[in-house]
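Here you get one chain, nothing else, as structure tokens; it is the form predicted alone.
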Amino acid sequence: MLTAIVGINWGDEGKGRMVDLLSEKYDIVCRYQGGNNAGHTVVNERGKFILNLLPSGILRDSTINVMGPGMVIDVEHLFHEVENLRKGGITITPQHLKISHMATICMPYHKLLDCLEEDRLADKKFGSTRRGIAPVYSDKYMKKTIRMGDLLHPDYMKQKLVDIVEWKNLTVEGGYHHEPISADEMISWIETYAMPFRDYICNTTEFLGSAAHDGKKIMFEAQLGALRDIDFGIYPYTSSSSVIAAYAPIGAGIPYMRLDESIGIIKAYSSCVGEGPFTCELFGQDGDKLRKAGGEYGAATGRPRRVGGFDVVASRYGTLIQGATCLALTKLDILSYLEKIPVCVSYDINGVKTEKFPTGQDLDIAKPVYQYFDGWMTDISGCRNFEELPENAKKYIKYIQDKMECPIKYISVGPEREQYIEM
């Protein structure tokens, strides 16, 4: 069984919470793209954990976790993330965590270049997390990066890094007029933060292929959501990798295998971190109240998220792009304070209403068309089956399911591991 857990919208849908919940049924959890530019918040009996790089299955001792070749890994961040989890009582060993030898290392100069470019763009910036993701993916396709497997050959790695730094300084010094990068400092950084992970490096193509052949259940965990995909998202305000389910076997290292299931994670309202078009956005008191109720602040950056009502147009598009076979609806409990629940049912583009998700300039100028649904105004966090929910909550769920044309299998009614309903 090969299952992908993917975001339907702009990210922050609650994928980490669902991976932690469902990983009990899987032998392996694999991250297949992205870096530490987003976070997954997981609350369980051990406490509250924020994961940026590690797969969310890392919180289960019985689950093997894989970081695939499609990832870009800031090893300094990984070093501290592992340290923090160990302090929280989480076991992390080479038997528990496998890192692809083909995964790319995100270097300090990638973060530097990310910051320099965002500063240059000023009010035209893309809203980068400034964690080096775009520069490192750019270098990957320029074929000028250090990969995890290079750590197994230190002399080769050092010479390769010296050549890359010489090339990179053409941009840092000549383009941005910044002081040059030191190759010696980069080598020292590698020795401090990357070398401790040498024993974790493996060929994930062989490992996952063998596991699948033996009938092991594998879960693929995505970062961000469909609308941040480099090809199908709100370009250029996207991530720099492919976040869609179809890429999961590729980014994991087993491109010859097919998914059996794609579980799309969808929030009961909308949220968005960063720049770019967000048609359903609520402003003023309505936005502030929803943001506060949902605790909508970025797990990776702490930035206040933009919020809005559930967006039918964007969500139906994301459900399609992700090839979702079922959906998990998260944070339904957050809406319990609302007497009237806002839902963006269509977009208005130059006076013409549409339910099709637009791109480019049409998306930039689209205006939301809102309808309001009756709320339930009662605490639902204790509900454990669909029949226990208030009638208006049931109607809201059924409306979303009908509009998505995809069954809702899970409903989250709180942050704790057991606070969910399985349909």
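Position 1 is the first residue in the sequence shown; the rest follow in order. Worth saying up front: this structure is predicted, and the values here are computed from it rather than measured.
Keep in mind that the form predicted in complex with a small molecule is not shown, yet the notes after this line are about it.
Figure note: of the listed segments 329-337, 186-194, 153-161, 244-252, the one touching the small molecule in the predicted complex, with heavy atoms no more than 4.5 Å away, is 329-337. Think of it this way: in the predicted complex, the small molecule has a heavy atom of just one of Lys168, Lys98, Lys111, Arg305 within 4.5 Å, and the residue is Arg305. For Asp20, no non-hydrogen atom is located within 4.5 Å of the small molecule in the predicted complex, even though that partner is not displayed.
The small molecule is not drawn, but in the predicted complex it has a heavy atom within 4.5 Å of Thr41. Although the partner is absent here, Ile400 is not a contact residue: none of its heavy atoms lies within 4.5 angstroms of the small molecule in the predicted complex.
Within 4.5 Å of any heavy atom of the small molecule in the predicted complex lies no heavy atom of Met404.
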